[in-house]
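Presented as structure tokens, the chain that follows is alone, the form predicted on its own.
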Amino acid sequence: MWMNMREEAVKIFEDARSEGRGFLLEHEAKRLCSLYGLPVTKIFLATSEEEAVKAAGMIGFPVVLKIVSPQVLHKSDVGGVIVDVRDEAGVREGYRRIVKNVAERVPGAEVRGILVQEMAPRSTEVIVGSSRDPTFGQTIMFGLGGIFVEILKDVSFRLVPITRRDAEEMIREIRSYKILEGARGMPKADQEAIIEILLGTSRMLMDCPEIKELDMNPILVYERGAKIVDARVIMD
């Protein structure tokens, strides 16, 4: 089973390299994460309006639409993301609008299609990331996600591989830990789900030396379970 998982991971990286890319497209990054049991949102790559409508119906409304293009890394900056799409008409209009926005703002960009994604309900946001330190090697990071990671810089680090105890300590080390505990009436976050994500990410990082940087942000954590909304992988 490990070999099949590793072989599929290698193929994802090789496909990107064959196109001269040093990063994975979002659906590739999420496929990689799912191989290691990480709970990504449901996604479907649609190459036409009809496929997008069909995908939205299978996933269930509301959905998020995102551009898929090797020339577009920051999708929101070019009008390549539309959230809270609630019906077929919205999918069709959104598909056309995203393609038009990208054509105008990134002339010549190759549009591979539109990613139709489950719109996960809002909840506590956390981040799990990684970067390779030139001295110590691969690290793993945890903290509050969304805009908080940049504003508060409240994160914890470990070298991989990590143990369950490491994961538990990483969660408790952040200054905002009380938020995860349900401070001031906020819902308690499922810390066991976070631990499993940290351990799965550690396994993925150990198996995949191709990963130079990893950013899963936001991860929405509920009272039961979690969903990885966005995933970015930069290759070595």
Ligand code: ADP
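Fair warning: this is a prediction, and the values are worked out from it, not measured in the lab. A residue's number is simply how far along the shown sequence it sits, counting from 1.
Same protein, other form: the form predicted in complex with adenosine-5'-diphosphate, not shown, and the subject of what follows.
**Q** Only one of Val160, Val81, Ala109, Val99 comes within 4.5 Å of adenosine-5'-diphosphate in the predicted complex by heavy atoms, so just point that one out.
**A** Going through each option in turn, the one that passes is Val81.
**Q** Just one of 162 to 170, 112 to 120, 89 to 97, 136 to 144 has residues with a heavy atom within 4.5 Å of adenosine-5'-diphosphate in the predicted complex, so point it out.
**A** Result of the contact check: 112 to 120.
**Q** Under a 4.5 Å heavy atom criterion, is Ser34 part of the interface with adenosine-5'-diphosphate in the predicted complex?
**A** Heavy-atom contact with adenosine-5'-diphosphate at 4.5 Å: absent for Ser34.
**Q** Could you confirm whether Lys153 comes within 4.5 Å of adenosine-5'-diphosphate in the predicted complex, counting heavy atoms only?
**A** Residue-level check for Lys153: no, no contact with adenosine-5'-diphosphate.
**Q** Whether Arg105 contacts adenosine-5'-diphosphate in the predicted complex should be assessed with a 4.5 Å heavy atom distance threshold; does it?
**A** No - in the predicted complex, heavy atoms of Arg105 and adenosine-5'-diphosphate never come within 4.5 Å of each other.
**Q** So in the predicted complex, does Leu38 come within 4.5 Å of adenosine-5'-diphosphate, heavy atom to heavy atom?
**A** Outside the cut-off, so no.
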